[in-house]
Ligand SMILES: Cc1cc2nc3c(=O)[nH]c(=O)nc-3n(C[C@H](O)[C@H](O)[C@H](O)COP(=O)(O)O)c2cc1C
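Starting off, we have a lone chain in the form predicted on its own, written out as structure tokens.
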């Protein structure tokens, strides 16, 4: 998620779960090749695995070059975004508008696969504009798949390319989980991961009866602790078991260390707004986090922040 799942947010989540597969925010091929924004590709190699990088682009050669770069950095997966509906992304001729050109998507995937042995996956919507029927999604996948494409992540809403903001595109189009379930039935050999409107681990377990994986986005970002038992409930391993206070203590020290390296609190501390969600002092906690960012005084405020969780 843009401006959300950056390297700092992913550090926070690795204090909560060791097994969940983490994804970067979408990075465009242009930013990598021409903007030289390689800082966006950095990740905490000691703790972040498994981690995937998500690329946005539509030129097979550029996607191949970026795939080689990402592979050399050690990512576990490279994901091609063909689901983002924003108009800015459409102007770059990538994102959800690519679903209208499955032949080009197929060429992009094959170019990326030829460039690296790192697994290539895609993330898409169930359809575009007035096409949110099962046939559209099944036909799209049939046209793009190949023996080396093992995983498809599907946001179970149609992408409306004109008239809705990205936020509205996450809320207004109805969720059609049954389209994703039927995709799995049509292509049992594919690993199908469902996304969109999924709130917590309980919801995830219900979806996992019909598909292979679940992607959570906004819900854990807004309330990170909902994934605190994902290791045991989903992966049958022991949870890390860190309390909110232990997590906050370690993350605050991380933020202080990052500040010494020039990373402002506005980029690092913002990810903890939801750490106290659901508790009676959650509003006061968010207010103190905001004031700490504005006043740039984490060292002075850290004990008060820790005492509130």
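Residue numbers count along the first chain shown, from 1. Note that the coordinates shown come from a computational prediction; the quantities given were computed from them, not determined experimentally.
One more form of this protein exists, namely the form predicted in complex with the named molecule; it is left out here, but the text below deals with it.
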query: Segment that reaches the named molecule in the predicted bound form - one of 110-118, 211-219, 69-77, 184-192, heavy atoms within 4.5 Å; finding: 211-219
query: Non-hydrogen atom within 4.5 angstroms of the named molecule in the predicted bound form for each of 4, 54 and 81; finding: yes
query: 173, 196, 102, 127 - the one with a heavy atom within 4.5 Å of the named molecule in the predicted bound form; finding: 196
query: Contacting member of 275, 255, 26, 63, with respect to the named molecule in the predicted bound form [4.5 Å, heavy atom]; finding: 26
query: Contact of residue 123 with the named molecule in the predicted bound form (heavy atom, 4.5 Å); finding: yes
